[in-house]
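First comes one chain, alone, set out as structure tokens in the form predicted on its own.
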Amino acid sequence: MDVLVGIGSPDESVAALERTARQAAATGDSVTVAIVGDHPAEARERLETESSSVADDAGIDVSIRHLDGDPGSQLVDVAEAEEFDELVIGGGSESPMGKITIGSTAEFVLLNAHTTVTLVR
């Protein structure tokens, strides 16, 4: 299975990548990491280094790329154009009332992707 993992911020995205890396190690899935969002070069390099570290810890190889433009649109477009089987994104937190709240990028991806989407929180 070909899996695309969207990474936008270290806090939410690392959990998504760690979960995907564990699954890929067990199943042999192919993983591509897409770093999205407007980050300074230093932050992009940190996300790339962290992604490589998570992959190394899980014993898998990942392909890492940078997507410019609107993060949600870019993830949906790449997932569909390149026929990924699954799109994994991090996000979501619990409100004081116990309901999940998600950011605008996660909401866009969930509502617009024709690819299977997994939200890791």
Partner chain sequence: MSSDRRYPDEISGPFPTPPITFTDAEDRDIEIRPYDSTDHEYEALAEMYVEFDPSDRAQGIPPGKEPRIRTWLDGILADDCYNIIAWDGDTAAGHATLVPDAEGDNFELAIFVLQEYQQAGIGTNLMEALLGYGKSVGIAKVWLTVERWNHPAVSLYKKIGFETTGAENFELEMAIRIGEDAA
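Residue numbers count along the first chain shown, from 1. What you see is a predicted model; the values in this text were computed from it and never measured.
Below: the form predicted together with its partner chain, not depicted.
Of the heavy atoms in Ala15, none are within 4.5 Å of its partner chain in the model of the complex. Mapping the unseen interface onto this chain, Ile100 counts among the residues with a heavy atom inside 4.5 Å of its partner chain in the model of the complex. Using a 4.5 Å cutoff between non-hydrogen atoms, Thr27 does not count as a contact of its partner chain in the model of the complex.
In the model of the complex, at least one heavy atom of Leu110 sits within 4.5 Å of its partner chain.
With the partner left out here, its partner chain still marks one of 72 to 80, 58 to 66, 27 to 35, 89 to 97 in the model of the complex; by a 4.5 Å heavy atom cut-off that stretch is 89 to 97.
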